[in-house]
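Only one chain comes next, encoded as structure tokens, the form predicted on its own.
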Amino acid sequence: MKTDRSNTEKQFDAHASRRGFLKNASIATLGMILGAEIVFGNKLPKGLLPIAITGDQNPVIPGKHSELITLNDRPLNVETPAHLLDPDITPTDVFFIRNNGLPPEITDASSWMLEIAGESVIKKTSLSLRELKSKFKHYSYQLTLECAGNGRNEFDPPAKGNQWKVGAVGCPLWTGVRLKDVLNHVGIKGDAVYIGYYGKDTHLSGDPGMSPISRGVPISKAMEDESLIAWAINGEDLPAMHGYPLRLVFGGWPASTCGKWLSKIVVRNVVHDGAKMGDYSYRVPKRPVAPGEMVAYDDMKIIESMPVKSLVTNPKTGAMIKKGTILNIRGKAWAGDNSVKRIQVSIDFGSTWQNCNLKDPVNRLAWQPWSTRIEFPKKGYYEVWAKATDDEGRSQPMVVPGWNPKGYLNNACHRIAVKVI
């Protein structure tokens, strides 16, 4: 019996077809499409398309900025155009949405309970939302959350899944209690190695016995100061789509570890085995593999700290400026558990680079604002590329990094289009 194909599958096929057509076009043809000479076009890496010729779809999501891009509606997955991430603290209405199941309908959180259990808990405990707020000290941190699949749409051959571009990331201000304070309160055994979470969202099948997602982190990550059980974002209660009334927040790690609609935490003496912890979910090859290669499960590893990455957030891609104008460029950079030590930009497709001004993070695991000024040599089409380097010397690749089956961890240089007239 034939079934309707999902929006994600249709999007995947359309994306692959369009990419195949454009990849075979000449620089001159691409310049005609853009309506301007592609300055430094001979330096454009083979197989890479000018960023200005890609398109977005922008259905309006209630409670969200009108320019956000919907990738899927069941479950809802919505990304943010890079220019909307220009504020140092990401506004709630532009923060991306990544769901795996269907959110619960919650109108009153006064009876909400959080259970702490598992093999490595000394005393199984349940705490109400009110008890969490009254028994433990409150903390607020700016923490960078990024979907592990952010940038998936650039992989070739394409990887199936939501075709995120660059906007599945943000750095809002989160408020809650430290997870380690709660775990120490209930007591954890010396054999604890992992924590897992369970939320109140429903599996897409509607089966109440199935969890849409139940992931977690090693106990060492759980016990960091910045690891929060949060109830607020940017000083307000969590919106429904972002986990109201309670969620986990682990800055610098895949956002899939940050369980929403949080109702249970389990402390495990083994690596957590909840939904999307096994199979190939949120795993990458332990070694480089050829594009399209099948990889054995035993050769895969769980994604932990996210790689170094950056965005140009001002100006918006497609900017048009007059010749002789000095352009002010701004952006954000982050590096998982690490910090960023250098940010550079290029206007000649990576042939030369200039250093930018880089600010320190406001706290550990927050992204870092950067800025610079650029003058262009003549009229035509340009791309501004941004490249960050972390405190261990690891830099973003100029083009898409090593392929993996699920299209994770693309930290290639972000680029925007600029036309000088």
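Remember, predicted model here, so these are calculated numbers, not experimental data. Each residue number is its position in the shown sequence, starting from 1.
Omitted from view is the form predicted together with a small molecule, to which the following refers.
When the small molecule is considered in the model of the complex, Gly196 lies well away from it, no heavy atom lying within 4.5 Å. Residue contact with the small molecule in the model of the complex: Asp201 places a heavy atom within 4.5 Å of it. Under a 4.5 angstroms non-hydrogen atom cutoff, the small molecule in the model of the complex lacks Trp334 among its neighbouring residues. Proximity of Lys260 to the small molecule in the model of the complex: non-hydrogen atoms within 4.5 Å are present. Of the residues Val312, Leu143, Ile97, Ala230, just one reaches the small molecule in the model of the complex with a heavy atom at 4.5 Å or closer; this is Ile97. For the residues Lys165, Lys221, Arg330, Arg247, the 4.5 Å heavy atom test against the small molecule in the model of the complex is passed only by Arg247.
Heavy atoms within 4.5 Å of the small molecule in the model of the complex are found in exactly one of 239-247, 115-123, 341-349, 265-273, that being 239-247.
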